[in-house]
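Here's a solo chain for you in C-alpha cells, the form predicted alone.
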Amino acid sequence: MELVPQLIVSGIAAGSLYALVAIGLVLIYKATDIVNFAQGESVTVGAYMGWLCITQFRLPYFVAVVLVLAGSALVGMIVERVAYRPLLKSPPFTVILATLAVGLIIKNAIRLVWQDTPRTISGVFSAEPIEIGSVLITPERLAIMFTVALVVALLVLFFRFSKLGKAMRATAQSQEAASLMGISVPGIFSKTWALGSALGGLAGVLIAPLVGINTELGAVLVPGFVAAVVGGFTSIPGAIVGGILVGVLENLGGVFISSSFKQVVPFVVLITVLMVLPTGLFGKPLRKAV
C-alpha cells in the first residue's frame, strides 16, 4: 500500500497524455460527428518532428515544440481535406474508415523513410526524480502535467472569448444554424482538425523523451479513445477525467494484478463505466424528435 501514492502520481502523468489525445478526438467529433482514427498517428508525427528539430536541426526544445504544433496542425488540415471533405455527404462509417486508412498510410510512410529503428530525444527537464513527501517524481513528468493543465486552461479561454472559438462552439451545436449565421462550416472543420492534430503532436513531443520514438507510438490512440468514451465523447472535462482515470488504474492494475494486465485495464474501465453510465461520465443522452 505504500506504493499507492507513487502509482497514482505516475498514473496522473500518463493520464494527462491520454487526456491530450482524447481532447483532440473530442474536438473533432463535436464539430464533425466523425471519430478521427488517424489521431494516433498525429502523436507519432509530433514525436518524429520533435526528433528532427532537436537532433537534426539542433533547434532549442521550445522552438521545436512550436514547430511541432504548426506541423501537426498542417497534417491535420491535410487529413481533413483528403479523407473527410471529399466524403462530406458519405455515411459516417465510410469517413471513419477513410481516417483509419490515412493513419495507416502515415504510419507506413514514416516506416518507409526511417524504418523501425527506435530513436530518442532528450527533454529540457532533468530525468532525476525529486522527492515530494513520500512520492518520487521526475521534473519531466511534472512538466507534462503542468503543460497539459496549461493547454486545457488556454482552450477554455479560446472557446469562451475568441471569435474562432465561439464559431467552433456554434458549429459543434448545430452546423445548419452556424451556416445560417454566416460561419464557414468547411473552414471550421479544417481548423478543428488542425487543432485536434496539434494536440496529438504535442502529446508526441512530450512523450518522446520518456518512452523513445518509434512507429508504434500511435498505439496511444487506444487509451486516448477509451478516455474520450469514458468521459462522454462530447465533453472536454470528461476527456480529462477519463484520461487520468485510465492512467491511474493502468498503473494500479499493472502492479497489484499483473504487468500483462496493464494493457487490458483501459477496456475493463470502458466496459465497467458504460455498463453503469451508457453515455459516459459527462455525456448527455441524445434526444431525437419523432
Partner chain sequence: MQDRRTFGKLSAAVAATMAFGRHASAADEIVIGYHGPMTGPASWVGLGGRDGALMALGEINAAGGVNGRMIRMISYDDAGKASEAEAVAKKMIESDKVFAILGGGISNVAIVVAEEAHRGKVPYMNGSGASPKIMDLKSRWTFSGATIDVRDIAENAAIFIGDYLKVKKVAVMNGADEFSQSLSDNVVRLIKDRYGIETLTRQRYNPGETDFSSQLLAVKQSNPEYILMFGLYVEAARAVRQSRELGIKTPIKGDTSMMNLGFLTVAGAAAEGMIAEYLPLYFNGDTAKDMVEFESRYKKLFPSYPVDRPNYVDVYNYGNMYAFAEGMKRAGKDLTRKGLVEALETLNNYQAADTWPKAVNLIQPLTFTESHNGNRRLSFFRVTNGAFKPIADFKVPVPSTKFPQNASLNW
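The model shown is predicted, which means the values in this text are computed figures rather than measured ones. Residue numbers count along the first chain shown, from 1.
Separately, the form predicted together with its partner chain exists; it is not shown, and the next lines address it.
Open item on the list: How about residue 14 - does it come within 4.5 Å of its partner chain in the predicted complex, if we only consider non-hydrogen atoms?
Closed with: Answer yes; at least one heavy atom of residue 14 falls within 4.5 Å of its partner chain in the predicted complex.
Open item on the list: With a cut-off of 4.5 Å between heavy atoms, is residue 251 one of the residues that contacts its partner chain in the predicted complex?
Closed with: Yes, contact at 4.5 Å.
- [ ] Would you please decide whether residue 127 lies within 4.5 angstroms of its partner chain in the predicted complex, comparing each non-hydrogen atom pair?
- [x] Although its partner chain is absent here, residue 127 would touch it in the predicted complex, with heavy atoms inside 4.5 Å.
Open item on the list: Using a 4.5 angstroms cut-off on non-hydrogen atoms, would residue 56 count as touching its partner chain in the predicted complex?
Closed with: Contact check for residue 56: no, nothing within 4.5 Å of its partner chain in the predicted complex.
- [ ] Please state whether all three residues 31, 273 and 278 have a non-hydrogen atom within 4.5 angstroms of its partner chain in the predicted complex.
- [x] No: no residue has a heavy atom within 4.5 Å of the partner.
Task: Residue stretch of 76 to 84, 138 to 146, 95 to 103, 193 to 201 approaching its partner chain in the predicted complex, non-hydrogen atom distance within 4.5 Å - done: Heavy-atom contact with the partner occurs in 138 to 146.
Task: Neighbours of its partner chain in the predicted complex among 100 to 124 [non-hydrogen atom within 4.5 angstroms] - done: Residues within 4.5 Å: 116, 117, 118, 119, 120.
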